[in-house]
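Taking the form predicted on its own, here's one chain by itself in structure tokens.
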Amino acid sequence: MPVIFLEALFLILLIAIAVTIIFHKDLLAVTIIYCAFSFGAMMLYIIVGAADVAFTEAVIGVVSTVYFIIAIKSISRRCK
């Protein structure tokens, strides 16, 4: 499988995930989908040979996802 094909596949995946994040209503689901976006970006960085950027993306993606989940769980999401 050529590298160009994998790069294009991951770019299309990232665009699809970004559109899903924009139009989804549930904050917790968006946070989990954001984690998938971070993973896709990390894989794209690995494919193009930027392992240091991929490692940074993985760390920041995990830490920010944890912070987002903590923040969402601390607010009330019930309808009145």
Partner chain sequence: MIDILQGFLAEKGIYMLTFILMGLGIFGMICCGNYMKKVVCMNIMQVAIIFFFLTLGQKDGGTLPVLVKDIFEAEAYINPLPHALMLTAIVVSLGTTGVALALLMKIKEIYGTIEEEEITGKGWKK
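Fair warning: this is a prediction, and the values are worked out from it, not measured in the lab. Numbering follows the first chain given and starts at 1.
Below, we refer to the form predicted together with its partner chain, which is not included among the displayed structures.
Within this chain, Val53 lines the site of its partner chain in the predicted complex, having a heavy atom no more than 4.5 Å away. For the chain shown alone, Val48 is a contact residue for its partner chain in the predicted complex, at least one non-hydrogen atom being within 4.5 angstroms. Contact annotation for Leu27: at least one heavy atom lies within 4.5 Å of its partner chain in the predicted complex. Counting a residue when any of its non-hydrogen atoms is within 4.5 Å of its partner chain in the predicted complex, the hits in 16-47 run Ala18, Val19, Ile21, Ile22, Phe23, His24, Leu27, Val30, Tyr34, Phe37, Ala41, Leu44, Tyr45.
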